[in-house]
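Only one chain is shown below, in structure tokens, and it's the form predicted alone.
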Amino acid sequence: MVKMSLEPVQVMSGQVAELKVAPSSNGDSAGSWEGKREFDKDHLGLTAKPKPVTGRRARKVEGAVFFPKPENAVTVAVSSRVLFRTEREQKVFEQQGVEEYLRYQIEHENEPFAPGPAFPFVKALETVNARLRELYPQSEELFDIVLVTYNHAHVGIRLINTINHHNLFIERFCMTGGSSPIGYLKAWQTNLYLSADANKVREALTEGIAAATMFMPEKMTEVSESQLRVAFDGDAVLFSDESERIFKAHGLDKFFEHEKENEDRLLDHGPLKGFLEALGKLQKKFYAKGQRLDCPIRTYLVTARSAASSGIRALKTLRAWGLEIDEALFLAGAPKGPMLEKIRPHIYFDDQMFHIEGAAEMGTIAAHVPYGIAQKHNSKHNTSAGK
């Protein structure tokens, strides 16, 4: 099994339901903050002033930039733990407690965090926004990035300094101080939520919000700086887990038979269908300006389904939904990692940890969608041939 690391999140084996997430130092576990009383600098007993900022890059904002209304934007909510790397801070929290953790954060608030697994994805979103603003200066149909964290507001200064250092355009923050962010995500009309906390991801999915748990491989493949590339699994990601249930219960032959008998009946939608729709809506804005061949968004379907035996139903469903996938790869049970290495997506969504681990082994940033029947099966076994 490939070793994946992401701050306090541990590599998973066995059943996905056994996912363990340590209390967060900089993000997503409410247990870190619940029951804690209000903090202030006097209580923290700071003996040193925060170090002066060094190496901060000038923030570049061109023109009169406006902020889109949530109902018009494609809103991507990103946890601070997946946008940045905070292993050192996590150790302070685990070994010395929350008060020392807050003191440490304030004393180091001018030291920027290093990029985390969601960082290249967010940068790619901003690249698309720059192109959209050139073509449609007054349009609010843009990506809107919201930083979500369980942290106390004291840590917000370090997060802002980090965002300015990396020249990210993130103005909307949600620092909940231990409360669940899910209600805020609904208020933002969030199209996608990326987190390191699998429990909060499940909660978001239950509320109808597209969500996934992110992991960072030990090695990272270089990704495009000019084109956003997003890859999706099919069943239990874009589609429902209906067909996956047939395969799990009755085997591959019955699965093929079921798909053949139902190839003219559309698959139901899965948790990430809405995000693919949002991407497609923005793609069409480039097509309308004659830029189909130079579109800065490219989407991929990477599925273990077989093309001839079970691919027709998937493609007919996408066509009926009015969704275009730029590239479709039907792997007939072959490993996905090598194909993803060639695609070099900024993010790949799958519902099975077996495929997440395979993607990470090849250097792909992968995000787990804990949805559907596969969550009840052991991820160590390759049970995805019909998927």
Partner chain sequence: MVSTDQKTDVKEKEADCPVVVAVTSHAVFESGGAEDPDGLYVGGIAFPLLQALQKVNERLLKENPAESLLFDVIVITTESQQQQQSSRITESIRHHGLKVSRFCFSNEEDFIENLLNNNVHLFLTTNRNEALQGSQKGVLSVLLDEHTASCPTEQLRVLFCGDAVVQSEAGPALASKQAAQSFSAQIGKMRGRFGLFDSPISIALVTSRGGRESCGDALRTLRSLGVNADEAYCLAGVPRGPIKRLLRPHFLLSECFSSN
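Residue numbers count along the first chain shown, from 1. Worth saying up front: this structure is predicted, and the values here are computed from it rather than measured.
We do not show the form predicted together with its partner chain, though everything after this point is about it.
Undergrad: Have a look at 202-210, 240-248, 157-165, 282-290 and name the one stretch with heavy atoms inside 4.5 Å of its partner chain in the predicted bound form.
TA: Looking at the partner contacts, the answer comes out as 157-165.
Undergrad: Residue-level contact is defined here as any heavy atom of the residue lying within 4.5 Å of its partner chain in the predicted bound form; does T127 satisfy this criterion?
TA: No, no contact at 4.5 Å.
Undergrad: Contact with its partner chain in the predicted bound form for P70, defined as at least one heavy atom pair within 4.5 Å: yes or no?
TA: Yes - in the predicted bound form, heavy atoms of P70 and its partner chain come within 4.5 Å of each other.
Undergrad: Quick one: does P296 come within 4.5 Å of its partner chain in the predicted bound form, counting heavy atoms only?
TA: So P296 does not count as contacting its partner chain.
Undergrad: Indicate whether P137 is a 4.5 Å heavy atom neighbour of its partner chain in the predicted bound form.
TA: Looking in the predicted bound form, residue contacts with its partner chain do not include P137, since no heavy atom lies within 4.5 Å.
Undergrad: Does the trio I106, M175 and A187 actually contact its partner chain in the predicted bound form, every residue with a heavy atom within 4.5 Å?
TA: Checking in the predicted bound form: I106, M175 and A187 are all within 4.5 Å of its partner chain.
Undergrad: Just one of A308, A153, M220, A114 has a heavy atom within 4.5 angstroms of its partner chain in the predicted bound form, so which one?
TA: Looking at the other structure, the residue within range turns out to be A153.
Undergrad: Which of these residues, E99, D268, E261, E225, gets a heavy atom within 4.5 Å of its partner chain in the predicted bound form?
TA: Checking each option against its partner chain in the predicted bound form, the one that comes within 4.5 Å is E99.
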